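Presented as structure tokens, the chain that follows is alone, the form predicted on its own.
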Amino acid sequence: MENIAINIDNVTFFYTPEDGEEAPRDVLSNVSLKIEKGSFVAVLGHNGSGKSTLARHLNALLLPKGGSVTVFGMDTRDEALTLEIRRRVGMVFQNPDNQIVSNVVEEDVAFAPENLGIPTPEIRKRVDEALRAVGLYEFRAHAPHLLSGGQKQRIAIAGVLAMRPKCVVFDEPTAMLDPRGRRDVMDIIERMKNGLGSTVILITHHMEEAAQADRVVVMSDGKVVMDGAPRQIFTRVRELEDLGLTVPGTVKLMWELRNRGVDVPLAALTADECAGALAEHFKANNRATSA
């Protein structure tokens, strides 16, 4: 267990009438997952599958009705550990406007460390490092509301990085961004994993983003229905479509070609792999024709 960052053990969760529901409704049903330290895990699922509810269990924003969530050895149900859990696990949400609380970029990034009681010189160091990490150091004195949606999301990420968490949960952080903004966020996630050794959990609807993860977890109706490496998961095209999901464009292309009798590998995830597989296929065909 020492290599496990988060242990989700048989978790059940339901909303009650007090939460605005007419009757209790299971949103998570006996979910069990182990997230390894330093890993990058993408969680997929249709709307209402339970993936965002699961994300909110990872730093005690929600508590399980049954089962348990253990974060770096700490049980989220222990109220005495809530602050320490939130030091370890940061959250980045879909709408950055909901996370920005100050009128100056650097003050916003400093907000969470200040609330944690970190000394001022250390806060200054952390804010500068976090803003450099997301490429916004030169905007440190700007007003956040004057920046683009992608820049605002990077401010929100910087605010989390300044807390120095061991794990960051991204709950659909690119849903409101244009393609350039999405690329910027994914570049930051890659640097966090490879440069900082952070554990990253990404809730997303974008299959190309999920394809960059070490592991893909697919949820449906509050349950985990698939769990494996991207190359394993995305070859299950028909099953994913039955769940209301798509696959990366490269896999979809290979799938369509195979359905038309073209012998190409289905597990080509990147554009380069797809192009290479197609080039090899045509070379082989040319050799066979020449012979």
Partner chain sequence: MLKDVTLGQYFPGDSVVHRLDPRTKILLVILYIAALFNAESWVGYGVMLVCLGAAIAVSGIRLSSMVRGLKPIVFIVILTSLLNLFYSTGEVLVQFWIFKITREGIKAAILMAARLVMLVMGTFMLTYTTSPIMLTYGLELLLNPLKKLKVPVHELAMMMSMALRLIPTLIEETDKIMSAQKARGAEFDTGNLIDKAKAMLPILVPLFLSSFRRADELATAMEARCYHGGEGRTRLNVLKLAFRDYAALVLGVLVLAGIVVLARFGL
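Computed from a predicted model, the values in this text were never measured in an experiment. Residue numbers count along the first chain shown, from 1.
The following text describes the form predicted in complex with the partner chain, which does not appear among the structures shown.
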Task: Option touching the partner chain, based on a heavy atom within 4.5 Å in the predicted bound form, out of 183, 132, 77, 87 - done: 87
TODO: Sort through 151, 220, 198, 99 and report the residue having a heavy atom within 4.5 Å of the partner chain in the predicted bound form.
DONE: 99
- [ ] Give a yes/no on whether residue 118 approaches the partner chain to within 4.5 Å in the predicted bound form, heavy atoms considered.
- [x] yes
TODO: Evaluate residue 61 for contact with the partner chain in the predicted bound form, applying a 4.5 angstroms cut-off between non-hydrogen atoms, and reply yes or no.
DONE: yes
Task: 4.5 Å heavy atom contact, residue 139 to the partner chain in the predicted bound form - done: no
Open item on the list: Please tell me whether any heavy atom belonging to residue 236 falls inside 4.5 Å of a heavy atom of the partner chain, as the geometry stands in the predicted bound form.
Closed with: no
- [ ] Could you tell me which stretch in 166-174, 101-109, 199-207, 68-76 has residues with non-hydrogen atoms within 4.5 Å of the partner chain in the predicted bound form?
- [x] 101-109
